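What follows is a single chain, given as structure tokens, in the form predicted alone.
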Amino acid sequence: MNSSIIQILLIVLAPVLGGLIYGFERVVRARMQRRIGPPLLQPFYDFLKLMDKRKMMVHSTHAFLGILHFVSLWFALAVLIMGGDFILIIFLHLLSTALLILAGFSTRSIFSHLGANRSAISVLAYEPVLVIIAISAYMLTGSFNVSEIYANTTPVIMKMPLAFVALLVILPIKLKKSPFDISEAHQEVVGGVELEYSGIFYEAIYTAKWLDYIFCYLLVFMFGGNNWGLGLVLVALTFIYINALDNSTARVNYKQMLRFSFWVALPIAFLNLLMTMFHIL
């Protein structure tokens, strides 16, 4: 099958694949906690159930920003799948998060405001690391295009191992998993920015989480280069790592999260940049 057709199918089916990953994650989490847990397709049942909920809006701008968050994230994912510019992908991803943060600040809910504040802090924790990884990839391939990374005959993880480690460190922050699920901690901020959404408008936020799974695991897959088998192994191991961490750690506060990112993830990514620079020289 033509690669462009595969890419288009991945873009179109991304929400479905993300929903399956989320459903499988819930099954795995239940087994880790010795529970029966929901069926694999439970996220889709929830999606259909939300369609029957009463449509309530705080105001039109709040609802519109939530929908734009989903659309912009899907567009960022599409550019990533098509092998586009890495910096553009990071910008679009940041834009989608910024739209959700604006939506949180557009309401009067204190929990929504706290969630928006914490989401902004989370961006400060992981976005610089993604930028440094993109710069390292540019120094390695001579291009910001992700397609050049996919086409690399030698697996990228062999040339940028520390960049992969840095990515593993920030992924729980990006996916809002313990111990870094501060932006939607249900015990503290009752879901954060998503609190004021309901019905079909919440579906946009709910489905955007599925897209985030595909986005993050594609970044992991990228480190396999043109070796699809290795890429899939990295994705599987990362899935196990994230869920094991999520089910075995307690939440930290935002200060601890920032310190961890700035003193662990960022130095590792920067050290990888220096190693790549000296390798080229």
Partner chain sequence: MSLNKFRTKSPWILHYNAGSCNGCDIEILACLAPKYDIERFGMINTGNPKQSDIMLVTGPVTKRSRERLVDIYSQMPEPKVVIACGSCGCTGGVFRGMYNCEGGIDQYIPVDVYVPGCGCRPEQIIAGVVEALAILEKKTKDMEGSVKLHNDPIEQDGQTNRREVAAVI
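Residue numbers count along the first chain shown, from 1. These numbers were taken from a predicted model, which means no experiment stands behind them.
Keep in mind that the form predicted in complex with its partner chain is missing from the display, and what follows is about it.
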Checklist entry - Just one of 65 to 73, 37 to 45, 227 to 235, 211 to 219 has heavy atoms within 4.5 Å of its partner chain in the model of the complex; which? => result 37 to 45
Item to check | The unique member of 195, 169, 90, 114 whose heavy atoms fall within 4.5 Å of its partner chain in the model of the complex | outcome: 195
Next on the checklist: Quick check on residue 54: any heavy atom within 4.5 Å of its partner chain in the model of the complex?
Outcome noted: yes
Checklist entry - Might residue 248 be said to contact its partner chain in the model of the complex, defining contact as any heavy atom within 4.5 Å? => result no
Next on the checklist: Would you classify residue 255 as touching its partner chain in the model of the complex, given a 4.5 Å non-hydrogen atom cut-off?
Outcome noted: no
Next on the checklist: I'd like to know whether residue 33 contacts its partner chain in the model of the complex, with contact meaning heavy atoms within 4.5 angstroms.
Outcome noted: yes
Checklist entry - Is it the case that 26, 49 and 202 all touch its partner chain in the model of the complex, with a non-hydrogen atom of each within 4.5 angstroms? => result yes
